[in-house]
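Here you get one chain, nothing else, as structure tokens; it is the form predicted on its own.
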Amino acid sequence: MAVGIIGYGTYIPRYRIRVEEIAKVWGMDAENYKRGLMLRQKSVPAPDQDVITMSVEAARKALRRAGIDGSEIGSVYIGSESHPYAVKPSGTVVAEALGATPEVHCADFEFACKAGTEAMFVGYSEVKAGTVRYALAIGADTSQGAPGDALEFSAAAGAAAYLFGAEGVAVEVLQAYSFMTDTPDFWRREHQHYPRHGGRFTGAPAYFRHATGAALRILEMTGKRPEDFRYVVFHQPNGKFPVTVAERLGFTREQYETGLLAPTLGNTYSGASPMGLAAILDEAGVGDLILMVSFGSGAGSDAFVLRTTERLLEIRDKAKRTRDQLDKNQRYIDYATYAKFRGKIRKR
């Protein structure tokens, strides 16, 4: 039985802040981030936007593409590191907005930037096991970076939603795999406003070890080689890391270019690799093999080998494409407006 993605959708806030605007305030050299990390700007949520509102928008697009009603969803899983409530699930609000309640299972996931693929892994597994008919998995975040910290240049906002089922499959999941260790490269304790990170420690022992380890193992499990894939997408904490790991593994620029959104989105959040996957699905042909590898600090990676079907061509124009949201109707703001939007100016 083929199990996989029957619908997908994304949401990207239209507000943007340029790297130069952030660097100017903190006396930094913007060119270091533009050349070294391939960053140009990032998305910024409006004051009335959060993980829940963006998840609803992305999920509605996924439902539209799948052609099913919200009441048919059996599970709603939301992965994020910036859930709006410390104690109250995001999933129940989203499920209510979609008409999925009351007969639905909800859970909020956390695993830094791979919380979204964690939700996808569980949703896919539930459908495969026959527990539910349709499962909705969402990766969503609003930017989290301390003022003046390197993360402020890349921690963006957005949401990517995927509906899994065994009927009308547009993208079949051929294999899923997870690679995990206890590598504390990034963390945020209770009552802290912003996360802390291990600087260069986040590179080799964290991102590269786990992304490479997950990719190599799933290639071995499926008997595939890099040249067998039409597309590949890795987690994008910046523009440099995914390019580096892709090229180390033997993938070409042509294979990863479509899903590389970091330069124009920022893309350090729980839907980063799923967002890149959505951009790929907007352009993929029939029978294309796709490798997606996420990364979440703490640390771990989820890997998926996917294959597109003819159904994808039928559904993708039923909702707005990812690149259109990324490139059109942008509204650029200054740092003061950004600080106000993100609550960085604390009155007490």
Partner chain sequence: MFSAKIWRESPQRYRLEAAKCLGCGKVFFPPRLVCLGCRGREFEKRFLPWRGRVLTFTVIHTAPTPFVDMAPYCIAIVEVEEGVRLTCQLVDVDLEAVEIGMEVELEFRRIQSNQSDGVLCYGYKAVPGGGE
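All of these numbers come straight from a predicted model, not from anything done at the bench. Numbering follows the first chain given and starts at 1.
Just so it is clear, the following notes concern the form predicted together with its partner chain, a form of the same protein that is not shown.
Within 4.5 Å of its partner chain in the model of the complex, a heavy atom is found for all three of 48, 320 and 331. Checked against its partner chain in the model of the complex, the residues 93, 246, 214, 170 give one hit for a heavy atom within 4.5 Å, which is 93. With the partner removed from view, the residue among 40, 64, 307, 316 that has a non-hydrogen atom within 4.5 Å of its partner chain in the model of the complex turns out to be 64. Interface residue remark: residue 60 is counted as part of the site for its partner chain in the model of the complex, having a heavy atom within 4.5 Å. Residue contact check for residue 97: one or more of its heavy atoms lie within 4.5 Å of its partner chain in the model of the complex. For the chain shown alone, residue 52 is a contact residue for its partner chain in the model of the complex, at least one non-hydrogen atom being within 4.5 angstroms. In the model of the complex, no heavy atom of residue 280 sits within 4.5 Å of its partner chain.
Across the options 52-60, 31-39, 284-292, 307-315, residues that bring heavy atoms within 4.5 Å of its partner chain in the model of the complex belong to 52-60.
Along 295-310, no residue reaches a heavy atom to within 4.5 Å of its partner chain in the model of the complex.
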